[in-house]
Ligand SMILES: Nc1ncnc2c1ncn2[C@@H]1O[C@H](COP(=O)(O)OP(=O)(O)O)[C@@H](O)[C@H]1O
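What follows is one chain in structure tokens, specifically the form predicted on its own.
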């Protein structure tokens, strides 16, 4: 495509949503910049789909404002908002060919036939479906149907593209391939994009920024790297990737007590009374030959996961179970086996701490 779509800036200010006495969204404030791809990520029922539907005008907020560019869209119906939407179910018209599905929105806004023909050809080339143009949805694979839905949403050159779990109905390999294609296409077009997903890998791979939601509130907003390496709460730490949690007692300064051992931390302790939870990623634990580390443990189980081996270790002196990810070469060097003894270190710069 020769010209980029002009992406819209989206501002969400103090949005709330009540369903009777149930608060589905509470005081949501978020700005999405032009051309940005932002993922709403969280468990089922966290409010991410409700927020997407409010942006689209398919659901009305109980309070708060929405601005798209300079336009207040808070009370506008969906047809007066400048967006394209792709649903999990594709929502293609089964009795229309690929060409007619893509052209549907263009015809409804009265675009001249010659321009429609040119635009559809352009979009077919963009999503790589030129040879499928005369087929019906039932004759296409799931991945091809999703590309048609994407092309149809992009046809009017919307300022905002909304994706509602667009890849969840596809198998893993197609999903992985298509998320790369969608991301590449989004960058090429420069269209501002909001995607809802419960798949953390999908969000981390595709998004410029991730909005982690839980129980109707935003827990953290940041780049995928920030979200993974600097989780703002125990919920974010547990929801994004694998994480070990270790109960500890705070001491003076940045020292904590775990069992009968004391640890120095790099990160400041949270302001909290009582127990502190330490957290460390499985790949950040250092496994060492027996006798070389600060902690001793016994291997309880080994899960072979291709690129790494997930090792389940019981620390003998404090009865704590840890998960440690080890590459196969290191596993062979350490002679890891169920029932074997290992030593490990918990690097202080890899330890996060949260109020229990």
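Numbering follows the first chain given and starts at 1. What you see is a predicted model; the values in this text were computed from it and never measured.
The following text describes the form predicted in complex with the named molecule, which does not appear among the structures shown.
May I ask you to check whether residue 45 falls inside a 4.5 Å heavy atom distance of the named molecule in the model of the complex?
Result yes; residue 45 sits at the interface with the named molecule in the model of the complex.
Does any heavy atom of residue 50 come within 4.5 Å of a heavy atom of the named molecule in the model of the complex?
Residue 50 belongs to the contact set for the named molecule.
is_contact(residue 334, the named molecule) in the model of the complex, heavy atom dist at most 4.5 Å
Residue-level check for residue 334: no, no contact with the named molecule.
Any non-hydrogen atom of residue 24 within 4.5 angstroms of the named molecule in the model of the complex
Heavy-atom contact with the named molecule at 4.5 Å: present for residue 24.
Heavy atoms within 4.5 Å of the named molecule in the model of the complex: which of the stretches 61-69, 324-332, 36-44, 309-317 has them?
Heavy atoms within 4.5 Å of the named molecule in the model of the complex occur in 36-44.
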